[in-house]
Structure formats: structure tokens, C-alpha cells
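Only one chain is included here, represented as C-alpha cells and corresponding to the form predicted on its own.
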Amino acid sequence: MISQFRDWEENRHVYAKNWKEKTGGKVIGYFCTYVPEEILYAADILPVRILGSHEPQDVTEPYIFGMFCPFCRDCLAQGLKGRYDYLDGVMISQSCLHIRQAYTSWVKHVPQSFSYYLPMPNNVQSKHAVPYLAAELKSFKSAVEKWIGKEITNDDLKRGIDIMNENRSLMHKLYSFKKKDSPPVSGEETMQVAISQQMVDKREHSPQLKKLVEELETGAFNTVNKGTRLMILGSEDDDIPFVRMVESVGGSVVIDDHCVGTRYFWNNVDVNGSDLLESIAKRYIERPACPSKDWIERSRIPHLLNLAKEFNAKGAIVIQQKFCDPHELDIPAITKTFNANDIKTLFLEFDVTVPLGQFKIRVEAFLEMLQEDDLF
């Protein structure tokens, strides 16, 4: 069953091209998980997350500062190399400075028929955040309607919300199996499901995910992971070889907090009343915050600690994309809180390519330390 998700993840561009040919629909690439996919599904547009390839590249230097994070430079490289040439448009919901620059450079140098910059409040804790975003979503909806040449009705919005909520709920069920003492699904496998979730039409992804959940419920899945329970958190991480390496040396990634994983799907749209755009806005304002938006109060830290305890993580690998300022600011508070709660942390700095050999030595030493602590 996992093989389908693996194929989708590895052949994401082939999938999108086939979807476009089969349906005749439009495909839009998006740069940040604050993009309201509900509206895109309501318009029968396929949203595809723009991610990098983890390959060394030298094409972005004329277009973006070398001191910007490797993730945003890797994403931009994919556009400059023509790997997303099937896109009909691109968009972003306001996020960190670096990924915003990647979007701006893409729009300038990789022309699209449609592009949209969605203002997203940075101060999501403000009482004005929900009404502000709801008004911006209304403008975005109008721009999409003009692009596709038809109205997006309330019934369409409700359908888009249902599509997203079903997929998110199924991801919660999948992750719930990782609370078991011997999880029947590995961190690598759940990452493949999570990445494909952001590439594949959720009307295809959800039925496959439901079948996987049903297999896990019946105990038909044979994978058993008895390694040291770990949490991975921090900057964007879709690096499957890294997770595979961690689990090959005795770790078991049981929970995560990054924008390819739980932060993407954690909460649903709660439809109250007739203003569906306001309901969508409320969901994105209240979702687990990116550190670029986690102020004045640091709401992320209690959420991260609750996740670690709920999934019984013995240690946490804290990841920072090189030059990632929002997460770099976050790390001291996270490590202080985790250490105070007897959850050891290992800090690793990611680049476009990950030095698996060096990181393997550090992860092995970290796991040995955790295992020694369990003996006393």
C-alpha cells in the first residue's frame, strides 16, 4: 500500500502532467502551506506544493541572495530548470522573507498566466487577524473566478472544505498508529504519505489513505519499528534519505512538526454559520503557527512539548535550514523547554544536500546517549 504513495512522491511531476491531460484542469504551484487550498479545490484547480530536489545547483545566484536559505533557493531552481513547466500559475501566502523572494523571482523569470500574492497576517494572535484574512480570501476568490471564468459558489467552497478536511482527518488517523509501543508504520513511510498529500489530487489521495488506515486497523501491515522514539521538528524537511538514515541506525521517528508534516494538516476547517471564507480564515489563523508568525506569545512551544509527550518521544532532532532566521530564533526556547522536561535534543543544520555520513555519526551518538539514560 505504501508503494502507491512512494510512487506519487518520486514521480510528482509525471503525476501532475497526467492529471492535467486527463482532466483538462489547471494546476497551480504554491510556496507556503498557508495557501488556502479549499478555494483552489472549490475551483477544480490542482494545488501542487513547490519543493526542491536536494541536488546541488548553480542556477539561482543571479536571482536570489546566496545567504537566503537553501530550501528557497532549491525551490526557485526547480522553476528555472523548467521542472514545473506544466504549471498554469503560482501563488504564495505571505510567509518568511526568503520564500517570498523565491516566489517573486519565479514570477519575474518563469512567466505564468496567473500569479497571486495572498497577504497573510504575521500577527495571527491579533483579534483583527481572522476578519482581515477573510477579506483577503474574498479578494483571492474573485481573482481565481476571473482566471477560470466562472463563479465559485458556496456549494463549491463547502466541497473544497470537505475535500481538505477528509484528507487531514485521515492523516491524523495514520499518525495515531505511531503512538503504539511498536508503530506499524515508519517515519520514512509517513513522510512519503505526507509529501504526496501535497502533490496529489486529494480526491485520489484520500481513498488510498483510507485503505492504508484500514490495513493498519486490521493489523495487516507487517512493518514494526522498535527503535528509540524520536521527534523531528524545525525548518521544512522533506528529506526522505535523512529520515531513512535515522531509522536505519536505531531511531524511530514517531512525530514531527514541520510544514511538510503535521503543521500542514493538524487542524480542520470548522464550519460555523454561512460565512465559509471566514471559517477557512479561522482555520489558517489558528493552525500550529510557523515561527515567522508565532508572536507576541510563543504558542508553538507548548504545542511542540504536548506533541512530544503525546507520542512518547525520548529525544528530538531539531532541524534548521541554513540561514533560516525564524527557526534559528525558535531553537533556544525549544531546547530549553525540552531539556527541562527530560527530552534531549540534537541540533542539525540542513543545506541543499545533507551530509548523511557526518549526520549518521552524530545521530548514532545521540541515540547511544538516550539509550544510556534509559538504563538509569
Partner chain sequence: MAVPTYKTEQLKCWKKAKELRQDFYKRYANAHDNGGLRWAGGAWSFGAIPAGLGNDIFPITGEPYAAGIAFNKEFSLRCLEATEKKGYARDLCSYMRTYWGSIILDEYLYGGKFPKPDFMWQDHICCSHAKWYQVANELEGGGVPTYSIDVAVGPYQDVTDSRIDYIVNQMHEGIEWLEKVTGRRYNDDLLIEAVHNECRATSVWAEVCELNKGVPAPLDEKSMYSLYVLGTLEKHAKSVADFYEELRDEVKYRVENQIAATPHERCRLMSDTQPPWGFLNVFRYLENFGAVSIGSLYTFGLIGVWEDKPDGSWGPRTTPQQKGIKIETRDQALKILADWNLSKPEWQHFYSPHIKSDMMIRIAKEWKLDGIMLHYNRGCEGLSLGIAENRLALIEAGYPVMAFEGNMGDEREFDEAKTMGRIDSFMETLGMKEIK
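Numbering follows the first chain given and starts at 1. In this text, all values refer to a predicted model and were calculated from it rather than measured experimentally.
We do not show the form predicted together with the partner chain, though everything after this point is about it.
Which of 253 to 261, 155 to 163, 184 to 192, 113 to 121 sits within 4.5 Å of the partner chain in the model of the complex, heavy atom basis: Heavy-atom contact with the partner occurs in 113 to 121.
Contact residue in the model of the complex, from 174, 199, 96, 144 (heavy atom within 4.5 Å of the partner chain): The residue from 174, 199, 96, 144 that makes the contact is 96.
Sole residue of 284, 265, 132, 84 within 4.5 Å of the partner chain in the model of the complex, by heavy atom: Checked against the cut-off, the match is 132.
The partner chain in the model of the complex: contacted by all of 64, 101 and 105, heavy atom 4.5 Å: The answer is yes; 64, 101 and 105 each reach the partner chain.
Exercise: residue 292 in contact with the partner chain in the model of the complex, heavy atom 4.5 Å: Because a heavy atom of residue 292 falls inside 4.5 Å of the partner chain in the model of the complex, the answer is yes.
Interface membership of residue 169, the partner chain in the model of the complex, 4.5 Å heavy atom rule: Answer no; every heavy atom of residue 169 is more than 4.5 Å from the partner chain in the model of the complex.
4.5 angstroms heavy atom contact with the partner chain in the model of the complex for residue 332: Contact with the partner chain, yes.
Close approach of residue 323 to the partner chain in the model of the complex, 4.5 Å, heavy atom: Contact with the partner chain, yes.
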